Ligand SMILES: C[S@@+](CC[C@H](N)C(=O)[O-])C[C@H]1O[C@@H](n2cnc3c(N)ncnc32)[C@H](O)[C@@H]1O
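Form predicted alone, single chain, as structure tokens, below.
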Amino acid sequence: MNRSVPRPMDAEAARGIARAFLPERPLGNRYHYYYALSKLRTDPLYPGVLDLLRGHAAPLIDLGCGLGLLAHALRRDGQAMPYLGVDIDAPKIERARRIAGRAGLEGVRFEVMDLGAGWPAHHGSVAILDVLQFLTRDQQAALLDAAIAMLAPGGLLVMRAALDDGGARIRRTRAGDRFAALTGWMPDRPRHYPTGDELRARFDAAGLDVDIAPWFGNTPFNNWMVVARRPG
């Protein structure tokens, strides 16, 4: 399938979602609000994922969910599938729970989990967004095999990943990921950037229909959108 990269979210929709991330106190820290607003206004990730998942009612697990921004975007888009977000960063998960509770999101849960060590039982669709490169090659293989096993018939695996194609974009991506680890936004440094051929071979072997397309948008990074579907 041939997909075009959508525009980032419009200002009204982005502000509507980001308001949930405002501090509880008037003079509180607004870092997460501005982070969410900037992410939604500059990155085509969420409009693209919303487009892909629209019409799929199967439960969704978000592996490496961070603050749960995807859950807020889904609910604002009218997508009501049960949502479980997991992440290794316990403080982020605690904040995600508080923010989702204040926003009144229904059918949303968050759990602390190290994706390098295990994952919960799940049957439905799977999202893995900007996470893969922080795992080793072996951990990536184990996680992808687990995600494939989680897919229900007709379920989607939606994944954005930085792929190693040897170009300038992947060098910028490496630098950006190292900076995110140094500042503490990501809990670990990047470990392995897979190639598109690596991913395609794994999904082909599992009998999935797969599409891998560039998803740069206006960002400087070497992001690609990978969509795998179990026929049925």
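Since the structure is predicted, the reported quantities are computational estimates derived from the model, not experimental observations. For every residue, the number given is its place in the sequence shown, counted from 1.
The discussion below concerns the form predicted together with the ligand, not included here.
Peer 1: Just to be sure I understand the contacts: of L156, L115, A162, I99, which is the one whose heavy atoms reach within 4.5 angstroms of the ligand in the model of the complex?
Peer 2: Spelling it out, the residue with a heavy atom inside the cut-off is L115.
Peer 1: Could you work out which of L84, L129, A103, M150 is the residue within 4.5 angstroms of the ligand in the model of the complex, going by heavy atoms?
Peer 2: Exactly one residue meets the criterion: L129.
Peer 1: Okay, which stretch from 40-48, 165-173, 192-200, 25-33 lines the ligand in the model of the complex, with non-hydrogen atoms inside 4.5 Å?
Peer 2: Of the stretches listed, the one contacting the partner is 40-48.
Peer 1: Residue-level contact is defined here as any heavy atom of the residue lying within 4.5 Å of the ligand in the model of the complex; does G66 satisfy this criterion?
Peer 2: Answer yes; at least one heavy atom of G66 falls within 4.5 Å of the ligand in the model of the complex.
Peer 1: How about K92 - does it come within 4.5 Å of the ligand in the model of the complex, if we only consider non-hydrogen atoms?
Peer 2: It does: once the ligand is placed as it appears in the model of the complex, K92 has a heavy atom within 4.5 Å of it.
Peer 1: Give a yes or no for F134: in the model of the complex, does one of its heavy atoms lie within 4.5 Å of a heavy atom belonging to the ligand?
Peer 2: Within the cut-off, so yes.
Peer 1: Can you work out whether I88 and the ligand are in contact in the model of the complex, taking contact to mean some heavy atom pair no more than 4.5 Å apart?
Peer 2: Because a heavy atom of I88 falls inside 4.5 Å of the ligand in the model of the complex, the answer is yes.
Peer 1: Between 136-162 and the ligand in the model of the complex, list the residues on our side with a heavy atom within 4.5 Å.
Peer 2: Read in sequence order, no residue approaches the ligand (within 4.5 Å, in the model of the complex).
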